[in-house]
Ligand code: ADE
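One chain comes next, on its own, written as structure tokens: the form predicted alone.
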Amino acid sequence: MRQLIIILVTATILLGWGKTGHRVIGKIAEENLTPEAQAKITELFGHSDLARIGNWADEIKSDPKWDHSHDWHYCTIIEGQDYAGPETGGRAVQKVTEFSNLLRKGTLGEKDQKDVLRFIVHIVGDLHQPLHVGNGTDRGGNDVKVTWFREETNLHRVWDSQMVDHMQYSYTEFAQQIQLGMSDEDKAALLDPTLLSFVNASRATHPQVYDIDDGKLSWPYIYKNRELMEDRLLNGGFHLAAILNDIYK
């Protein structure tokens, strides 16, 4: 029974990119902060290492006082429709907007500033994981049962962590690898703080993400989706930097 409880709890908190993915996004974002944003974040935390704070919002899910935050990690766009707000499911877009405005106002105490910033770092990362912009039918791919190299799992977990971890990079190696060859012009072009632009981009990946044939996923699925996975992580880092740079002008 104890083992079953541990398994159920673990399954419940398998959300976001997984620790490595969020650290990759945080690392890329940190490297592209303006001096003003870097200074503000360092003033709060004593450092500007966003990789260190990117997983906090998942880690606190086991604390009952944060139960109300569970739907802050995703949003839903119904098939054939535009984003219609949190009424369709998930408050991620709403919360990034709300928290960004709170930081701009500068009226929060230190602890609340830290919590709000931690959530922004995490949620922006989540919104770049294709299945955190759900279709409203399968709990973001959690109900899509597949195997991953013969291990039973689901499509959401494959995208959260299993594909990323299969690369066997440290988060610093991963962040460096997917930025290779980028010019300053390339980086500047990705520094876009427009929230719905990258939410819609994540939703647009679904035809490829859900192309799973018989559900027995292994190397062919990686070959087909590695570039997309890296693109989502890369864009997550730059979009996060753009949002923070915009907040701390």
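Throughout, we count residues from 1 along the sequence that is shown. Worth saying up front: this structure is predicted, and the values here are computed from it rather than measured.
Same protein, other form: the form predicted together with this ligand, not shown, and the subject of what follows.
Proximity to this ligand in the predicted complex, taken as heavy atoms within 4.5 Å, picks out 70 to 78 from the listed stretches 70 to 78, 102 to 110, 147 to 155, 170 to 178. Proximity of G140 to this ligand in the predicted complex falls within the 4.5 Å heavy atom cutoff. Looking at V121, you'd find every heavy atom of it more than 4.5 angstroms from this ligand in the predicted complex.
Although the partner is absent here, H128 lies well away from this ligand in the predicted complex, with no heavy atom inside 4.5 Å. Contacts of stretch 39 to 62 with this ligand in the predicted complex, defined by any heavy atom lying within 4.5 Å, are made by none of its residues.
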